[in-house]
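Given as structure tokens, the chain that follows is alone and in the form predicted on its own.
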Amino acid sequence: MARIDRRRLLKLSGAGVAAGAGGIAGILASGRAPAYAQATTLHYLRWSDFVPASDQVLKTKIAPQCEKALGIRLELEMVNANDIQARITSAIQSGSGPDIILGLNNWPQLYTDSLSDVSDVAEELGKAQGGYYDVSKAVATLRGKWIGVPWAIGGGLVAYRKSWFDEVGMNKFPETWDELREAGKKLKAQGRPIGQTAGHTFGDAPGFWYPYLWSWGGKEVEADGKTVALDSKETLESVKFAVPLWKDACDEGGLAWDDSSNNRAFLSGSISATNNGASIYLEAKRKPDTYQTEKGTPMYQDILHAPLPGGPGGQFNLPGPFTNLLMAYSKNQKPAKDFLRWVSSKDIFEQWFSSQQGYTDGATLYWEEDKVWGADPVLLPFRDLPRKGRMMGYAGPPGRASAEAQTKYIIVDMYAKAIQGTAPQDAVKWAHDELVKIYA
């Protein structure tokens, strides 16, 4: 057989292209690198952050570094947080979709059979960064196995207009629900109600109504995590009080609000207070000429943060863990783990974390000492939220049932039904029965 030299091979390849076949010349003509030379592509689905600068850090700084450091091209997709669960369901059913999905709250517990074991990555990061907060570990583990890599922890405090509360005789934010109702009555009479959602939205609704329930002594289940205990005197009292609190002090349009509605209402001067992350303050501070008080001064200078009021059962908040989920159907298991290990490392995560400016806490204790917390005393209270909260499913541990109950908004709807006219005892009984169906 005659030997084919390099020049002859290239000619044959070129002829093949002309005839519609492939070959080296075809690859060069197409402008595409050979498959073996292409970087691995990871599809990473996340929420559209309430701190837009953080999304830009991921897109313009971290993604290019990822390709350079790991040879991985990061395909970032940001969507409304309320749309993520539908995407997860669709991906699991089809067996294809994003390699990594940012899960919120206790969502990881809903998808345990469809997630990869990332114990090696999570344990390594935790050991290097002082260990995880209990809330992050609780939602990201199942029977000792890590089903997700904790990313960060969000949380809510009440953002309020200090001068407006001063005008109604409150020189600090109310510490009890009775005090809040009385202050809210006066503020609402001035066209400055308290703003709160009782709608189906992932963050602000459970972030208010779960701590409200706990503050009265109510709970979903007993400590065994199975026995539903919602139908109690404490829960009923909380529902009875919620009705006049809503009508006397709150913007009643909040029944239809999502997680951005209260931000817009506050920044427009329509409400005096709302339970929220730090995003309202950060936006007002970012645009001092846009968001101003009725006196023409920057609004951010009139905003402070305080915890939700307490009740006979105590004072609580609901931390919101963020967890990176490596989907079991992904064909990029090793590259995905390499990326998760890299992006949560101190040097890389610091770039994203500093851009948050206090909107989230880190998932590990290491970030409590970060310089971000010394930059603005108005944001410092957010640092301590992971240590002062409870998770959905109290008094039991977070699990699949409590995640399903939150996803179906059972607790939120209990209060929404009463606010809309259902007798409090009927609203409680309905919610209790719905929980029994789930926990059974």
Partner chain sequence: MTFTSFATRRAYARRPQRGPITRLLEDERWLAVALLLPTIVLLGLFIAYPFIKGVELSVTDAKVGVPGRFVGLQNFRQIWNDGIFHVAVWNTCVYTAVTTVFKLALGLWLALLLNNNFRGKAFTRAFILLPFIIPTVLSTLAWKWMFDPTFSVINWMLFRLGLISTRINWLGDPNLALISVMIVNVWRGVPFYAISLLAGLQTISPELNEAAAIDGARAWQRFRHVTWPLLLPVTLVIVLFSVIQTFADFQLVYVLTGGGPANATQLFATYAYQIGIGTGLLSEGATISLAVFPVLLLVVVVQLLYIRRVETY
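Residue numbers count along the first chain shown, from 1. Only a predicted model underlies this, so the values are computations on that prediction, with no experimental measurement involved.
Same protein, other form: the form predicted together with its partner chain, not shown, and the subject of what follows.
Contact check for G310: no non-hydrogen atom falls within 4.5 Å of its partner chain in the predicted complex. In the predicted complex, its partner chain stays beyond 4.5 Å of every heavy atom belonging to K388. Taking the partner from elsewhere, Y409 is found to have a heavy atom lying within 4.5 Å of its partner chain in the predicted complex. Mapping the unseen interface onto this chain, E252 counts among the residues with a heavy atom inside 4.5 Å of its partner chain in the predicted complex. H200 is the sole member of R286, H200, K145, K346 with a non-hydrogen atom lying within 4.5 angstroms of its partner chain in the predicted complex.
Checking D384, E67, E404, D376 for any heavy atom within 4.5 Å of its partner chain in the predicted complex turns up a single hit: E404. The chain is drawn here without its partner chain; in the predicted complex, the stretch among 206-214, 358-366, 112-120, 231-239 whose residues come within 4.5 Å of it by any heavy atom is 112-120. Although its partner chain is omitted here, in the predicted complex all of T89, W257 and Q420 have a heavy atom within 4.5 Å of it.
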